[in-house]
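Below sits a lone chain in structure tokens, taken as the form predicted alone.
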Amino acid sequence: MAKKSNSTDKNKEIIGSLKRLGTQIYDQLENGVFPTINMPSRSIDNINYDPNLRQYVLGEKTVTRSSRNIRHLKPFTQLAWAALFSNELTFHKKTSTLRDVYYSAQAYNMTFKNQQESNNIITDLETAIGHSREEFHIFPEERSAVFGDLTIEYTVPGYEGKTMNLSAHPDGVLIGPALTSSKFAKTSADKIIAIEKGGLFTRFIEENVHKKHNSILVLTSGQAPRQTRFFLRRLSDELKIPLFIFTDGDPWGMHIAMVIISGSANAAHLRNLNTPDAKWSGVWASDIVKYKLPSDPLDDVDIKRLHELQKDPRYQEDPLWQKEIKTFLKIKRKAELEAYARYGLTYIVDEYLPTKLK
């Protein structure tokens, strides 16, 4: 039985952090000084790899947003508004998407020149208060899914206490805010299998992989969204079961797996978005050779990316990564998960998957 989280306490914690930020601005105004906000710098030279946490973290450098500086005035105001909007969401236990935030700003006569500017301000707010946007109820559009024998208990308003087994829907259940904030009630699974591709996720469900391999299946839909990575971390930590990751056999598939395992530089200001003990289980470059998979030649962009990964500290802890990178560079070929279909539709389930899980 997994431990239960308390969403009410988390909401109070987030509101407290937002209130402290607002009080700081208010006190500065009361004292007749231009308000300023200090936060850790997210510049490249302040992002370091922590081998103990096994993820990127921010260093000690800070940046200051000051209303005294005319160039800072707009982003300072946008940041204060984002904190106000996030406080309203959290207090009323409502959710919003990043796109909603962009349009909602117009109702407050707060403008952003584009979606990216709005997203960057939300990231600044995360950095300033030390909590992720998901914790103050702002989410991206859902595109990942989960399937398997896991009964969850909802904690969102109107559904408190209601339960659902995640094998109830044959297409899988979207990994949205209601799911990521739910309690894990019970499961018979002893492993998690994360899959990059939607077609293979559907095939695994059709072939009863969740029963044959006693597993919870998670579709990442390419690079896993942050809430999916957080959900994978919760599954592994709270259920105390291992996570295995299956991606295409190319440098981009490798990196999808690595971001799940060791996090990303873009989220260096956050914690618990990586699952350090997860295993990248394939498709490896050596699998392309071993299984004589249909493959395509690596292009110049692929090769450039492989050389970048060779130098990345995340790829230097486990010899497997360096070995597979060298193999990719040697054979100069790449293959998709679907390539196993050359041996039949169920080969990947009946032969490849059991071998890898051993």
Partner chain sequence: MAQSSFQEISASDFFYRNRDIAGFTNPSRAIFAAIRELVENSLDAAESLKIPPDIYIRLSTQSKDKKDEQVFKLRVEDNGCGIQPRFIPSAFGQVLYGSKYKLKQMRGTFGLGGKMAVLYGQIMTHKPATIMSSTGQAKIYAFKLMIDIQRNRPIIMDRRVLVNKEKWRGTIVEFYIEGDYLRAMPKILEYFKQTAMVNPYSNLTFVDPKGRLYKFSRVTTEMPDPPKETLPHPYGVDVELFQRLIYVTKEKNLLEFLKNHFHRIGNITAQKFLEFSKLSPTKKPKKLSHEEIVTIVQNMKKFKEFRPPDASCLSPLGQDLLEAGIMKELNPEYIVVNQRKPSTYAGHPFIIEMGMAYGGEIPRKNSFQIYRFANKIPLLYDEASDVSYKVINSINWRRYKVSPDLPIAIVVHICSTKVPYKTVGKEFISDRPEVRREVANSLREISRKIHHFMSKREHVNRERKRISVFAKYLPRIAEFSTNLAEKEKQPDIKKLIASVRKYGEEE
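Keep in mind the model is a prediction, meaning the values are calculated, not measured. Numbering follows the first chain given and starts at 1.
The same protein has a further form, the form predicted together with its partner chain, not shown here; the description that follows concerns it.
The putative spot formed by V173, T180 and P225 is not touched by its partner chain in the predicted complex; no residue has a non-hydrogen atom within 4.5 angstroms of it.
Under a 4.5 angstroms non-hydrogen atom cutoff, its partner chain in the predicted complex has F76 among its neighbouring residues. The closest heavy atom approach of Y108 to its partner chain in the predicted complex falls within 4.5 Å. With a 4.5 Å cutoff on heavy atoms, I25 counts as touching its partner chain in the predicted complex. In the predicted complex, its partner chain sits within 4.5 Å of a heavy atom of A83. Residues with any non-hydrogen atom within 4.5 angstroms of its partner chain in the predicted complex fall in just one of 216-224, 190-198, 263-271, 84-92: 84-92. Comment: its partner chain is not present in this chain, but in the predicted complex one of V289, V33, L53, L320 has a heavy atom within 4.5 Å of it, namely V33. Residues S67, R68, I70 are the ones in 38-71 with at least one heavy atom within 4.5 Å of its partner chain in the predicted complex, listed in sequence order.
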